[in-house]
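Take a look at this single chain, the form predicted on its own, given in structure tokens.
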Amino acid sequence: MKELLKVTGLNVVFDTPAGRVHANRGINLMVNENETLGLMGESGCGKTVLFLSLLRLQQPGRIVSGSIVFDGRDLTKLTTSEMQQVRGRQIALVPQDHSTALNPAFTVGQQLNEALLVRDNGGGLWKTSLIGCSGRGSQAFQEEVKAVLGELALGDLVDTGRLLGRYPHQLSGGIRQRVLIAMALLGHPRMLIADEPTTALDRASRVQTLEVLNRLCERMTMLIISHDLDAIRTTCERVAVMYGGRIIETGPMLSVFRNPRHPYTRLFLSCQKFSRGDVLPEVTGDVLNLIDFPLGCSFHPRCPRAMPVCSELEPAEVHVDDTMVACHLYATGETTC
């Protein structure tokens, strides 16, 4: 498979009055063309900073070292104008909060036309002249919009006039989510980033959104960030698990879900599968301080399998069968968690 994205040694920091926050610490990640990768981890582990850094939108955070090579080009070296040609056209983002991502002052048709106009006019919003726009656009625009919406199972709403002339607040959460996906697809991106695509959706809308993502997986590269194990299991070929600003385990989805190697991955998956009557796994210790990291492995104060070396040395990334794991258990020859 052809490598499309390779992140190497990525370090992103935020300077705050309380000190320097190390949001991403030596991230190593690879995504092949036409592959779907799921990114998992608890809130605050650095997932959002990572995918924003891929688009160079991590401000006020700073990329202090490392590289982000996309289709042979290091995005950390590109100018602002060069990045405008990447955002939306090469890498598109479907944001998490569909209730605020769409502009309440414009109809769906106007906002879809805006996506096309931005794509075709070099990225400057001032060129779109949307004020007073009827939302109808040219015939070519309408045909392209209709084709994309039809692919997302919204064709009936278009034909009956119940979508393009509506405002976002007049639509359900599931339809707003698919409109955001349509806006991303209109840019013809090489890679689509979906941030928590099933969050705040009812059961029916969630199923519809997963069906859409499954169809897209067949023809494009995707990075899906989610706490929803079913969403990851349904759509992703490989998964990467983050903790403390670092990728601590990555591998084929089935391998990681069935036999998690890292102690944190095992606890994370166990907590996600918790149901009524189950005993919730206990994670001791304080929540990780991203300003004052502990020596050694960042997870060792909370790890049930911690050894003396864990508090002294940060573990290297090692390959165990078909997965990569950053854990001293495997560096010392132990093969089970």
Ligand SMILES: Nc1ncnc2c1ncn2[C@@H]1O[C@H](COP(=O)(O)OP(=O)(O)O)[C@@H](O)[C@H]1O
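Don't overthink the numbering: it's just position in the shown sequence, from 1. None of the values given here were measured: they were computed from a predicted structure.
Same protein, other form: the form predicted together with the ligand, not shown, and the subject of what follows.
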Do all of E3, G9 and R25 end up near the ligand in the model of the complex, with near meaning a heavy atom within 4.5 Å?
-> no
If we test each of L290, L29, L269, L55 for a heavy atom within 4.5 Å of the ligand in the model of the complex, the one that passes is L290
Would N34 sit within 4.5 Å of the ligand in the model of the complex, counting heavy atoms only?
-> no
With heavy atoms only and a cut-off of 4.5 Å, decide whether V21 touches the ligand in the model of the complex.
-> yes
Do G46 and the ligand come within 4.5 Å of each other in the model of the complex, heavy atoms counted?
-> yes
